[in-house]
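What follows is one chain in structure tokens, specifically the form predicted alone.
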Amino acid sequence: MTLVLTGLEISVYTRIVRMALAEKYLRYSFVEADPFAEAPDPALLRMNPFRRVPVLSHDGFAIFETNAILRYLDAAFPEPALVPHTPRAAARMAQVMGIVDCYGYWPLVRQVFSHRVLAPLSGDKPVEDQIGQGLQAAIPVLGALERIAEEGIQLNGHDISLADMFLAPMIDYFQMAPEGRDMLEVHGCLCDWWHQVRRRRSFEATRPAFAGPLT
């Protein structure tokens, strides 16, 4: 069996798949590819015409789109399962993934994290308007996730599923910004989930090198 993951280390979507691989104790090779490079990576273009990461190859079978990769991994390697067996838990899992993908990624990562944290690391000046817009858009996202965590079917810190894989990398980046950390701390149930999931081996093993240790 040969598993190869092509991705970008700092990409939250690449990390989502890496966390799932770690939760399933699967060995794989990692190939770094920058989808943002000016000159398209020919190998990446051959695997994904949209030039996005991650891409998973399993014994020559290549698949892209993070959600599809996760579903494939859970079907191909069913133990330990990362998709709940009960209808309500499975529905909540899918709901969390949809919220994060459709409404969370852009404000949490591309606006707040990218401008407050990543830009200074790259020597660039943060765009405060983008940070403000991201924080505003994060309010309903965190509120919806808080209600799900409070319900306890998912995001409870112990019934680990693909929902945790999707959300943890996004929250990790968001809370690196002081404003993001402050917003997270007022959501008690979500904050409890965060303090549990951040201690998992899959989370610690996949944290990008630039991020340093969590405090």
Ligand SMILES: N[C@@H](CCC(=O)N[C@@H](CS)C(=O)NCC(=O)O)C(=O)O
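Source: prediction; values computed, not measured. For every residue, the number given is its place in the sequence shown, counted from 1.
Keep in mind that the form predicted together with the named molecule is missing from the display, and what follows is about it.
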Exercise. Can we say F113, Q130 and F174 each have a non-hydrogen atom within 4.5 Å of the named molecule in the predicted bound form?
Worked result: no
Problem set entry | Single option in E65, E146, D41, E179 placed near the named molecule in the predicted bound form, where near means a heavy atom within 4.5 Å | E65
Exercise. Out of the stretches listed (49 to 57, 22 to 30, 186 to 194, 156 to 164), which one is close to the named molecule in the predicted bound form, meaning heavy atoms within 4.5 Å?
Worked result: 49 to 57
Exercise. With the cut-off set at 4.5 Å between non-hydrogen atoms, does S11 touch the named molecule in the predicted bound form?
Worked result: yes
Problem set entry | Partner contact for F61 in the predicted bound form: the named molecule, 4.5 angstroms, heavy atom | no
Exercise. Does Y105 make contact with the named molecule in the predicted bound form, using a 4.5 Å heavy atom cut-off?
Worked result: yes
Seminar exercise, completed: Looking in the predicted bound form, the residues of 24 to 44 with a heavy atom no more than 4.5 Å from the named molecule, listed in order, are P35, F36
